[in-house]
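To begin, one chain is listed below as structure tokens, in the form predicted alone.
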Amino acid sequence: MIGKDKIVTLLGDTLALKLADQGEAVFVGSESGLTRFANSIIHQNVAETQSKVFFRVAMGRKLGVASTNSLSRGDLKAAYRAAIKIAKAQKENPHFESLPGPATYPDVSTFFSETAKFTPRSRGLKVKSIVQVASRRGCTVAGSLTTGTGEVAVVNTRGVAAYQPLTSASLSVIAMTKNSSGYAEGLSRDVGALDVRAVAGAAVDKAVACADPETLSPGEYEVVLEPAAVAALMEWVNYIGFGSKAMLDGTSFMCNRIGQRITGEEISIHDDGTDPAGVAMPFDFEGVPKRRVELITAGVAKGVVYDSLTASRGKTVSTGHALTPDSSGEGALALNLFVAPGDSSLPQMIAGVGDGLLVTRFHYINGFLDTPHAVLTGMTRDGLMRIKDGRLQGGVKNLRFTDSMLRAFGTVKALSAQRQCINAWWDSLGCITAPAVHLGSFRFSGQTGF
């Protein structure tokens, strides 16, 4: 960890050269340790330290971005000058008005010393306990345990000087029998909050219950989606629909539907980087405070998230969802999604299914098929189970799904009161907090042999 004073001073001194009309520096640094295991043996134990500084400058309305992974003053100045050179070669961006000004940030707890001090040996002992849980049930396990620290700072020539220290810990476990598998995961900024043995036990229970899976024909089935499955779908729904660029470009399923019912009224989704129930982060990569944004409320489309550039283009204000300067062309993205809970439970939802499927998780999802209708395709994985007469009947060989999420989530029957934080692409800066969901209809388009 470098610390606020040194980082802010270093970036501020570079921007003080005043070579551009406006300048911004974004620091992203991390120190992480990863322990991977397979066949119940640790096979990889690695550590990584990296840092990157992005400079974004404005020459009038011309913008330039350059970056460096060196913190030497000479290299920082060279990257700053490179951004200026790039800006001068650009066309004017009509939507650039100004870099954001200083703001007050919510106080959120994002750093836990136990996580920061976690050693390779500590991770190894946790993996040992996972293997012990699996071995007692005749399973082997694979997966990973990651712990780390990070720092994010945003400094600009308009007075922004934001800094946040971070820690994160994530665990994934796949338990296997000779012909089945089960999956479970955990995510928290506090490694002490990860119940490693419980995660391992859940994966093992699922693998054992799915042994000798039956073959099932594709078709339309009633389903109960566990939180990891819901989050995997929401990750893509978010990417193709809840960001400002997709909205402004007309590719989002939210386009021309604000104020209209687009899912079942039981579905409410919002983004809130200040909620410690998720993986909180108080500001975005422009130094704009994060705030709660309603995306879908009781099935009605409410809005999307913005950064400063797309907010100007959309004639609104930034919601605090800017990405790093090198990704600003992608527009804003919601990084702290929450799917509202219901009042049911996973056992109650299973009991309510006459003939359907329990889905543990999905993988290899593609969301670019038909974005205006939120059509996704992907595969079930590590725990697809048949439900008959309200009881789990055993494993089913994996199926491919192809369906509109607007249609599928228009058939919601129930949501669980309990939710889980699930890893996403951006897990060190946010997550998806989701309940289990009971859908009346979900379309499976293909089958596998495993």
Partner chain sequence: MKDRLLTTIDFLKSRGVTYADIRYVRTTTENIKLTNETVDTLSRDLDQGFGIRVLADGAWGFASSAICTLGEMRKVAGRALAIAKASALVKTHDVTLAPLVPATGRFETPVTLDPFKVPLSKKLELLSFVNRVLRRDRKIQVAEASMDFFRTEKIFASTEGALIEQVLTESGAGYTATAVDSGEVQRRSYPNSHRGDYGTGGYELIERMNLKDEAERVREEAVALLTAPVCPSGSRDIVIGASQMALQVHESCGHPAELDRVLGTEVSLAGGSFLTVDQLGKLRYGSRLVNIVADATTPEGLGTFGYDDEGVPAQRTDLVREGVFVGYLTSRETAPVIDRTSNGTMRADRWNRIPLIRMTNINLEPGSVSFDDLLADSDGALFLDTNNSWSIDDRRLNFQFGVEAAWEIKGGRKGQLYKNALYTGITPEFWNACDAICNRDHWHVWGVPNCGKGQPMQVARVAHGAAPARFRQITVGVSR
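Numbering follows the first chain given and starts at 1. Everything numeric here is computed off the predicted structure, so don't read it as measured data.
The form predicted together with its partner chain exists for this protein as well; it is not shown, and the discussion that follows is about that form.
**Q** Based on heavy atom distances of 4.5 Å or less, which listed stretch (114-122, 288-296, 157-165, 265-273) is in contact with its partner chain in the predicted bound form?
**A** Going through the listed ranges, the match is 114-122.
**Q** Looking at Met176, Ala209, Leu357, Leu194 here, can you tell me which has any non-hydrogen atom within 4.5 angstroms of its partner chain in the predicted bound form?
**A** Of the candidates Met176, Ala209, Leu357, Leu194, Met176 is the one lying within 4.5 Å of its partner chain in the predicted bound form.
**Q** Please pick, from Pro106, Gly259, Gly329, Pro347, the one residue with any non-hydrogen atom lying within 4.5 angstroms of its partner chain in the predicted bound form.
**A** It is Gly329.
**Q** Using heavy atoms and a 4.5 Å limit, would one call Pro341 a contact residue for its partner chain in the predicted bound form?
**A** Outside the cut-off, so no.
**Q** Can you work out whether Arg443 and its partner chain are in contact in the predicted bound form, taking contact to mean some heavy atom pair no more than 4.5 Å apart?
**A** Contact check for Arg443: yes, within 4.5 Å of its partner chain in the predicted bound form.
**Q** Even though the partner isn't displayed, in the predicted bound form is Gly138 close enough to its partner chain, meaning a heavy atom within 4.5 Å?
**A** Contact check for Gly138: no, nothing within 4.5 Å of its partner chain in the predicted bound form.
**Q** Residue-level question: is Lys315 within 4.5 Å of its partner chain in the predicted bound form, judged on heavy atoms?
**A** Output for Lys315 is no: heavy atoms all beyond 4.5 Å of its partner chain.
**Q** Using a 4.5 Å heavy atom cutoff, which residues in 142-157 contact its partner chain in the predicted bound form? It's fine if the answer is none.
**A** Residues within 4.5 Å: Ala142, Gly143, Ser144.
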